[in-house]
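In structure tokens, the next block holds one chain alone, the form predicted alone.
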């Protein structure tokens, strides 16, 4: 069988492609910033997101350089020449086990590595930190509003945050699907009616950062880039915060905080709880049997199911223990159950939900 080993041209091409690849890697890792594409990061873990961006860009530069370079080289080196007969065939290569193993194993290992690096950053955005300020942003057609602990109503101008304080940002929508994006903070998440998406971060640089909706949400979508996230010193933030407390002193609908101690379930209204369930819970829980999962388990008979006498946290399925999960939240194998503040539930709301769940038999 005729063998065809790479000639001098192949190795010269490989050397040139290697030099170009090294230049690409150095470009992404040694440039002082990635400002040609992204603004300087304004908070943590934006630095980790940028690191992942550099890693992906540099590895993509190497892959792109070699793939395109070899395609061009082989197209030229093995082109049909005028002296070749019309029915000439190129070099036939079959059953090269080493090559097939290589192009299977190497991409697989790279995808695993990329997954590990991405999950580490995802963990920071979703799980840490658990302390600090809790803020809720609500997408509307066509603007964002913001809710703060102990501030009545909704803030309608800009999102204000103190610098260097961990922030838990809960995102939802009042009407259609929106998407919350702050390029400087490297934050982006969908805002879905009836569902809460959570992002955790720490702003580290004072400034004003644009908030953009990146999900087409109707005819006014293009106007949802006018509001900003204002990061300021703690004294400046407190002055703004107290001003909004006074401005909205007589407005209802303050965002609840997590109550201390057990919640009284007396007087819970099942009808009100049913309405609240459709607004706050139906995106993650079905009114079917335990096995009918959406995100969390189905809740039909949650307080009366003999085959599931325990809740997901291991406690007995009693009204008080259900109320405790609604109050404090829970994170486990099925995902994250928002706590009272994240879900925007008052003590009376929890009593109403438990009363409704108790009717599901």
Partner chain sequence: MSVIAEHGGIAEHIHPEPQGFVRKYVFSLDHKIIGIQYIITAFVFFVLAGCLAEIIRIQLMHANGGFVTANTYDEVYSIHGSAMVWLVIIPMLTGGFGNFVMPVQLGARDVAFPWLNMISFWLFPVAGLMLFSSFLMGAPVAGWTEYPPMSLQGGAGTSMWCAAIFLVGVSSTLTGINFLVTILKMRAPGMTFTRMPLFCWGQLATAPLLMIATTALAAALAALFMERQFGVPFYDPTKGGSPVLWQHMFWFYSHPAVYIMILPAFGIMSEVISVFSRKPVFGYRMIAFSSAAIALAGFMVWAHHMFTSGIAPYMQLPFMVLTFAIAVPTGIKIFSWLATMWGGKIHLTTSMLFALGFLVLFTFGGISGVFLAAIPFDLHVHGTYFIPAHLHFVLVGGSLMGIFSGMYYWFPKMTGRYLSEFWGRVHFALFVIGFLGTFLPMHWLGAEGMPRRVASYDPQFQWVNQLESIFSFIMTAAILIFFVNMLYCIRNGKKAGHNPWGARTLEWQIPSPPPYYNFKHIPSVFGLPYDFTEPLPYTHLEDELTDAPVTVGAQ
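Rigid core (definition): largest C-alpha set, two forms, superposition within 1.5 Å. Residue numbers count along the first chain shown, from 1. The structure displayed is predicted, hence computed values, not measured ones.
From this point on, the text means the form predicted together with its partner chain, which you will not see here.
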| message | Which residue, 96, 246, 150, 131, is the contact with its partner chain in the predicted complex, using a 4.5 Å heavy atom cutoff? | response | 96
| field | Position in contact with its partner chain when the complex is considered in the predicted complex, options 163, 167, 158, 189, heavy atoms within 4.5 Å | value | 189
| said: The chain here is shown without its partner chain. Which stretch in 131-139, 150-158, 234-242, 98-106 comes within 4.5 angstroms of it in the predicted complex, by heavy atom distance? | reply: 98-106
| Among 68, 84 and 115, does every residue place a heavy atom within 4.5 Å of its partner chain in the predicted complex? | yes
| Do residue 230 and its partner chain come within 4.5 Å of each other in the predicted complex, heavy atoms counted? | no
| query | Is residue 303 close enough to its partner chain in the predicted complex to count, meaning some heavy atom within 4.5 Å? | reply | no
| message | Against its partner chain in the predicted complex, would residue 325 count as a contact residue? Criterion: heavy atoms within 4.5 Å. | response | no
| task | Check whether residue 265 has any heavy atom within 4.5 Å of a heavy atom of its partner chain in the predicted complex, and answer yes or no. | result | no
| Considering only 72-91, what residues come within 4.5 Å of its partner chain in the predicted complex, judged by heavy atoms? | 74, 75, 78, 79, 80, 84, 86, 88, 89, 90, 91
| Fitting the rigid core first, would the Cα of residue 208 be found 2 Å or more away between this form and the one not shown? | no
